[in-house]
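Below sits a lone chain in structure tokens, taken as the form predicted on its own.
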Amino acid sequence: MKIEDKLLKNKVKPTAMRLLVLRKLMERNSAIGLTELENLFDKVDRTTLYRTLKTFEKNKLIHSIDDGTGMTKYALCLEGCECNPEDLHVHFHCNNCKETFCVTDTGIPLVQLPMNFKLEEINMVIKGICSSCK
């Protein structure tokens, strides 16, 4: 699928910045933070880049990850993902290289909450050493 088609499928207007950002995200096999993404471009407005990520997240192109490092990271969603609890998966954070990876074939177990509790977010991060660092 062409990058432009991927944006249109998720109801995102293809602008030059959005196409560039999506291309960079598609080239990666790990999640990326705003600062790291910003460093991939010669000149880019940080606010525009942040808004682009938030637009992608709102339209289910990417998901955000709190891996415990204090910096939100972003990764592409799987095709058809709606970011509902049943779509969510485990993430792996390497303590050596500091990269965070999606473990898409391992879902986050659903937890039975007490009465009158409402699930809004769920996150599971496993920490260790990735295959590249081992």
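Please read these numbers as outputs of a predicted model, since none were measured by experiment. For the two forms, the rigid core is made up of the largest set of C-alpha atoms that agree within 1.5 Å on superposition. Sequential numbering from 1, following the sequence displayed.
What comes next is about the form predicted together with another copy of the chain, which does not appear here.
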Exercise. Just one of N95, T47, N84, N39 has a heavy atom within 4.5 angstroms of another copy of the chain in the model of the complex, so which one?
Worked result: N95
Exercise. Is D66 a contact residue for another copy of the chain in the model of the complex, using a 4.5 Å heavy atom cut-off?
Worked result: yes
Exercise. Hey, in the model of the complex, is T106 touching another copy of the chain, heavy atoms inside 4.5 Å?
Worked result: yes
For this session: Classify K127 as contacting or not contacting another copy of the chain in the model of the complex by the rule of any non-hydrogen atom within 4.5 angstroms, answering yes or no.
Result: yes
Problem set entry | Exercise: N123 in contact with another copy of the chain in the model of the complex, heavy atom 4.5 Å | yes
Exercise. Another copy of the chain isn't shown here, but in the model of the complex, which of 87-95, 47-55, 74-82, 30-38 has heavy atoms within 4.5 Å of it?
Worked result: 87-95
For this session: Taking only heavy atoms into account, state which residues of 102-116 are within 4.5 Å of another copy of the chain in the model of the complex, ordered by sequence.
Result: V103, T106, I108, P109, L110, V111, Q112, L113, P114, M115, N116
Problem set entry | Core fit, then P109 C-alpha moves 2 Å or more between this form and the one not shown | yes
For this session: Verify the C-alpha shift of A16 between this form and the one not shown: is it 2 Å or more after superposing the core?
Result: no
